[in-house]
Each structure stands twice: as C-alpha cells, then as structure tokens.
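Take a look at the structure tokens below, where one protein chain is shown in two forms, each on its own, as structure 1 and structure 2.
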Structure 1
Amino acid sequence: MGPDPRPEVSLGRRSPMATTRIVVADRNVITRVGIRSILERNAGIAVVAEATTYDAVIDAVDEHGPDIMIIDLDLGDDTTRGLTICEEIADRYPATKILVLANTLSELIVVEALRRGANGYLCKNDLKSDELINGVKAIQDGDTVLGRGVGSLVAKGLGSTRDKAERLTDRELDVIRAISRGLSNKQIAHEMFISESTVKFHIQNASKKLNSHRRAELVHRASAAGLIN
C-alpha cells in the first residue's frame, strides 16, 4: 500500500494531473452508475472502483487509495458496520476523504459518521447533480460538506446541551429489534436468556436515548434512523 507521492498541483485550475480519484460504495447498481455518470461528466473526476459490500470497500480503498470514498452506509443488514468502516478508512488512509451518501436523514447516523471521520454527508433524496459535484469538489478542497437539512440537524444536535443522540448499545438494539417483531418483554427475556427486568432496563435506557416514551415510538425512531432492518 504505497502512499503514492502526489505532486503538488494547484487546485484552482485543474491540470489534467489533478484528477480526483473516487471509489463508490453502494449496494445498488443504479445508484452506482448514476453517481459515476454524474461525476464523470466532469473532467477532473474519475470513478476508479465500485464496491457493493463492506469487505469490498476496504479492498477497493486498499487497492486504489482514492482521493474520495463515496459510501452509502447501508451496505448490508448491519448499518453500524458502515460506521466502523468510516472509522477504519479515516484511520488508515487520512488522505482519503469520506463522503457519506445516505438514503435517510438520521441525526444519530450523521453525528456518528462525522465523529468517525466522514468529511461530508449528503442525502440522496432531493439531491441535485451539481450539489453532488460541488460537494465532491469542496470535500476534495478540504471542506466539510453537509447537505440541505443535514447542517441544521447537526447544529440542533450539537446545540442541545445534553447530547440526546447517544448511541445505543448492542443489547439495546437487540431488544428494540425484538420489540419490532411484536414480542412481549417476557418473550424477549426468554429469547435473550435474561430476566424480564433486564429487558425493561434496556428499553428504559434506549427510550431515554431516543427520547421516546412508548415502545412503538421507540421502534419507529430506530427504524427511521436506520438502526433496525
């Protein structure tokens, strides 16, 4: 993994050498082709690899050491895996910028992604072509890019003294997923080999974190946040 010696080029006017090399990770072909088409209409941007799985992203970045990785965090059934990938890439390849391209706008995911090294967060919905292109350019220039709606969401999240968007623990997620399947606390306790009290304990904690007072609301918020399949 040789960190290829990149020449000092001025980014104002792009010389042919200044090609921004991009890896696109999305499980959806249509989206991958779409991103590629939009970006490559632009001289100076090249999509050098596509990935559809969590493992493939790592491989692709290992192989190409791109300038930017564009990733949809939801590459499998475990969204949190996408977050750890951000962390890993940001850690091992500081030169590779990360642009998260999400389907849904979730405060939880946004702040987590940024905290773990993402340089931008755009929402596919309502995204315009030039917003994508400009976003890529801005990130390449070292900016942090937050799409429409995302910025205010983060500001709101950061503004509140108490950080509501704490992350849920594994057990809490397990319990929420069980609830979403319609199980009662007793059933969940049995299934997870813990007492009913513990189930209630996890629910209470998760509820505080997601600011809900009813399990149905809890499920809905977790679902909207993309935390459960």
Structure 2
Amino acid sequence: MGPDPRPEVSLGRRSPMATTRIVVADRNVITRVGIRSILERNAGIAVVAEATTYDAVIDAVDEHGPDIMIIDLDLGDDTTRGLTICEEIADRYPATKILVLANTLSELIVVEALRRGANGYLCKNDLKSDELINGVKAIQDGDTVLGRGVGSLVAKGLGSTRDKAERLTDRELDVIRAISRGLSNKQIAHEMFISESTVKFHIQNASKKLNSHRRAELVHRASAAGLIN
C-alpha cells in the first residue's frame, strides 16, 4: 500500500462512515495506543484524534466534533483543570458525550465530574476491553456509565437524596426517565404531549430537589435513589 495521497485531510474526515467518532485524551502513549486498539476492533468506531494536553483537548473536539471524548482528567497533574475542561466541552459542544477514564477512584472527583457534564466514569485499574466498549456504546445511547465500585462510592455521598427524591412528582420522574434514554427536551415534549417550556420546568424542579446541575447528574441521583432503572 502506498503513502496516503491526502495527508492534509484530518483523521476525522477520513472516517465518514464511522457511527461513533472518538477523541482520546491521555498523556500516556501506551494507554492511548491501547484504547485505540480496543475501540477500533469494533466496526463503526473510529478514534479521530488524540490529545495529550488540556488545550489540545479543546482543539481536537473543536476540529473533529466527535461523538465521544474519552479523557484522563490528570493530563497535567491538575485534576481541577481536567474538570473545567469537562464543563467547557459540555457547555460548548453538548453533542459530544464525555467518558472519564481515571487512574484513581475518588468520591469527590466522581461527583464533581458528573456535575460538570461527564456522562461516565471508569477506572483504568482492571478495566477489561469489553467494559470499555460497552461503556462507549451505552454513553452514545444516552446512558450514564459508572464502573465497578463507582456507583456505590457516589451513592454513599448522596446523603438524604432518597428522601428528597421521594418527593419528585410522577411527571418529573417521567421526564428524568426520558432524559436517561438520551431524549432532548424537544423529543420529550413530543413524546409526553407537553410544551418544551413545561419540560424545562419539570427538569428545573427535579434538579433543585436532587441538587443536580446537569442532566447526567440528575439521572444518576434519581437512579441511585432507586426511583428509575
């Protein structure tokens, strides 16, 4: 096979048929190569870019518009900056789902990552290839993915969430379930025969009751309280 005749074309544009386009952000080259190898064994998945710095993450997402970004928050030994990047991407590029792939498990970091827009949190330790693939597919389908031990760790920090959640109305729970399926406000409104403003009203009320700031966090807290499956 000869050299690529169009080296100036970005990798993302070389994968127009991919159904899941991913940016991988990790400073360890072996980890990046491993993630790419695992993901691209599956038809329809393409790693369109890799990033090793916080600034490069934003540039990669801006250029390629991926479906999913997989990120290690500690690209530069600054977890706070990594969390800020999650928040920035969630705000600027809401179509891009975020999967955190971390070295360590911290209740504070997990909760904060979800609050700032992460759709999933997996730990690298003992992570099997099928768990990564299933996590990627679940996130693209609109689910929130928490690795082994992550969900129980976060649940311990929820305090009286169950008591608060039990005060959610049936309509609010219906909206949360719809969000968990990945539906937009417009789609929820159409499905439930209500206006988008009413959907937003229910989301705002439920978010206040569960002290959540983002859709993924709202779903997770309701799920942890045992109110949705």
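Residue 1 is the first residue of structure 1, and the numbers go on in sequence order from there. Each form is matched to the other, and the largest set of C-alpha atoms that superpose within 1.5 Å is called the rigid core. Given the structure is predicted, the values throughout are model-derived calculations rather than measurements.
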{"item": "Number of the structure representing the form predicted in complex with the DNA", "value": "1"}
{"item": "Per-residue C-alpha change between structures 1 and 2, residue 198, threshold 2 Å, rigid core fit", "value": "yes"}
{"item": "Shift of residue 177 between structures 1 and 2 at or above 2 Å (CA, core fit)", "value": "yes"}
{"item": "C-alpha of residue 25 moved at least 2 Å between structures 1 and 2 on rigid core", "value": "no"}
{"item": "Core-referenced Cα shift (Å), residue 210, between structures 1 and 2", "value": "22.0"}
